[in-house]
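Heads up, the chain below is alone and in the form predicted alone; it's given as structure tokens.
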Amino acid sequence: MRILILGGDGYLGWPTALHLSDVGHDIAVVDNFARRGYDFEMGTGSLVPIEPLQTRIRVWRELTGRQIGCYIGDLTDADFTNHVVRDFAPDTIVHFAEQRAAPYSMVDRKHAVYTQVNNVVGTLNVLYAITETNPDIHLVKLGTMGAYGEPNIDIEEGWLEIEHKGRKDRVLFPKRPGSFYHLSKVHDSHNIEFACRIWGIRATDLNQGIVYGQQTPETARDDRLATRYDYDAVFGTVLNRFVIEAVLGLPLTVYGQGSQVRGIIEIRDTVRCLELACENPADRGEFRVFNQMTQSLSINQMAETIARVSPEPVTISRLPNPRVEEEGHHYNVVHSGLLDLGLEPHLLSDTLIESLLAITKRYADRVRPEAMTPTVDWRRPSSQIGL
């Protein structure tokens, strides 16, 4: 297949590009380097040093003999988006190219508007480029489990069969997102489903849980192929933060009671899920949804798992929760679609945490502990920059 990866310089886009290249697909990546720019804005960065995209591509070619194409530009530019799709002529487009942090979207009005415009307009331009260039292109779009919120019913895989006043219908599962970032993902999903229904394109929406891990077999071949390892309070994940705190001998900082439950997935499983979704495309006119996660754990259970594998004693500290979210809520998610296609999950209790601990120890001198302190409060909307 010819697979175009949007956001191919990012935390997940880059290892996905390598993995799909390694299994034999013809790959090109698109990026505008906005994620690298956020580091300058926030005064932080990846714990693991990352090379420029051009260096990464060159190293991969030298190691494997496989070429990865590269386009530099912004998806909110419709002319650029159309040019890339026509020029590369992909069979599949994998779309990672969005501002991905809930806290970033909640900093202030400017960041909320930027997130919505960047994410929603970029995706709309991709939909039009597919429709006008080749409606048979399969769009694989990265969504988020966070878009569902914490409903008091089981979370189905994208769709819900309902009966109301004696009549039945099949509708998209109702969503109650918890940030302007998550709202942008909901808008994306509705726009993509509309395009499938009206224009007959094919799309797979991957509602992904929290990703943990930093290495895949491909990125581990050379330090220059490394992907990001974010740990700060804006772009870092809770699991990354816990691992770093454990290595530094700091208390694990749990927001609120820690009874919030989240779906999680390991980075090697993420790239495998993308492979499965690409190689088993949706039908024409189908809006297919997979809940891309492998297990559900509360924040407390995640902390307990880290404490169990950490070679040093670990304590837990509780902070006021800067987010507005339910604690102790019902959480049962159907996530059988990717398992049916052949996914064999890694679990948090497996060896990955130990390897993540080793990576963290190697780069511990690069940690800025103050960057892990939450600075964005969901309850205090502002029209000014809040960091």
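From 1 onward, residues are counted along the sequence shown. The structure displayed is predicted, hence computed values, not measured ones.
Beyond what is shown, the protein has a form predicted together with a small molecule; the following relates to that form.
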{"property": "Triplet Asp31, Leu75 and Arg228 all within 4.5 Å of the small molecule in the model of the complex via a heavy atom", "result": "yes"}
{"property": "In the model of the complex, the residue from Val85, Val211, Val107, Cys196 that sits within 4.5 Å of the small molecule by heavy atoms", "result": "Val211"}
{"property": "Region of this chain that lies against the small molecule in the model of the complex, out of 178-186, 214-222, 132-140, 158-166 [heavy atom, 4.5 Å]", "result": "178-186"}
{"property": "is_contact(Asp269, the small molecule) in the model of the complex, heavy atom dist at most 4.5 Å", "result": "no"}
{"property": "4.5 Å heavy atom contact, Asp205 to the small molecule in the model of the complex", "result": "no"}
{"property": "Contact label in the model of the complex: Ala97 to the small molecule, heavy atom within 4.5 Å", "result": "yes"}
{"property": "Residue contact check: Ala371 to the small molecule in the model of the complex, 4.5 Å heavy atom", "result": "no"}
